[in-house]
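A lone chain, given as structure tokens: the form predicted on its own.
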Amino acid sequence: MIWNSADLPDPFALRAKRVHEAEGRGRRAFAWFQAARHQGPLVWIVPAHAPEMPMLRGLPQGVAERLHLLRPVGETDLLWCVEETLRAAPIAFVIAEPAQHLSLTAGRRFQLAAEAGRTTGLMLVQTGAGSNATQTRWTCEPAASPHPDSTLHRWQLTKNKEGTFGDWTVNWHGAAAAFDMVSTAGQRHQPATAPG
């Protein structure tokens, strides 16, 4: 289903004009999910030495046509690219994969650039390598499923400057922005059993 804002607030909506972070083995899936939800030009910044590149035919519907891929050489150039693309007003969404720990200074510069460019950013960081300046931080992991045709993800909101935290299991197949929320088995309150 596509989330209906009339029902409840969208738990995966990233605040606009801010920079967010995702960590964990499922961080790229979370990034593609977010890219499918943002309209307009998309920029993905990945180090030139990175062995994995996006396969355009495998991206969610409508993403490949809007995607611009930047491959800077070195971390300094990568940070510069992030700041400049966040500042560029026509860009809707910026995704970057820094190889090193993001400093508080870099995080603050990104937030100021996103505000100036009215752009949303998502940094895909190694676990524990994020900046304290981030608006939100998500821990993203693939989840096992008993059904062979199911693609489950566990997305945890572990840092949020303006709200609560959360933990969701989502069935997202990667082809569009639509997703299903999955109830976790055994999470319901069970009545106490009467003594025998």
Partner chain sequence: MAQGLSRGMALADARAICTDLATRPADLARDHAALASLRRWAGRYAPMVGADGADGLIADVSGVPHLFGGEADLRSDLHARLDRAGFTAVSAIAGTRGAAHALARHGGGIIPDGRLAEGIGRLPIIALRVNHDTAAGLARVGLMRIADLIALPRAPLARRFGQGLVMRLDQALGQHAEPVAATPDAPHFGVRMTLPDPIGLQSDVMAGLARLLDRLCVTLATHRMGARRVRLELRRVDRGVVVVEIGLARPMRDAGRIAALFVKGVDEVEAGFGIDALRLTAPVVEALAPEQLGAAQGDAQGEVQGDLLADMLSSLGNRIGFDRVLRLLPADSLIPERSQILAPAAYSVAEPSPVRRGPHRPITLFAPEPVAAAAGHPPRQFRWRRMRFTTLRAMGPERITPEWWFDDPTWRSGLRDYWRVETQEGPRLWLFVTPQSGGGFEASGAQAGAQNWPGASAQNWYVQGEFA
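Numbering follows the first chain given and starts at 1. The model shown is predicted, which means the values in this text are computed figures rather than measured ones.
Missing here is the form predicted in complex with the partner chain; even so, the following discussion is about that form.
**Student:** Does the partner chain get within 4.5 angstroms of any non-hydrogen atom of residue 106 in the model of the complex?
**Tutor:** Answer no; every heavy atom of residue 106 is more than 4.5 Å from the partner chain in the model of the complex.
**Student:** Just checking whether residue 162 would be counted as a contact of the partner chain in the model of the complex - the rule being heavy atoms within 4.5 angstroms.
**Tutor:** No, residue 162 is distant from the partner.
**Student:** Please determine whether residue 136 contacts the partner chain in the model of the complex, using a 4.5 Å cut-off between heavy atoms.
**Tutor:** Looking in the model of the complex, residue contacts with the partner chain do not include residue 136, since no heavy atom lies within 4.5 Å.
**Student:** With a cut-off of 4.5 Å between heavy atoms, is residue 65 one of the residues that contacts the partner chain in the model of the complex?
**Tutor:** Although the partner chain is absent here, residue 65 would touch it in the model of the complex, with heavy atoms inside 4.5 Å.
**Student:** Pick from 61, 132, 39, 127: which residue has any heavy atom within 4.5 angstroms of the partner chain in the model of the complex?
**Tutor:** Here the answer is residue option 61.
**Student:** In the model of the complex, which residues of 79-94 put a heavy atom within 4.5 Å of the partner chain?
**Tutor:** Read in sequence order, the residues that approach the partner chain (within 4.5 Å, in the model of the complex) are 80, 81, 84, 85, 88, 90, 91.
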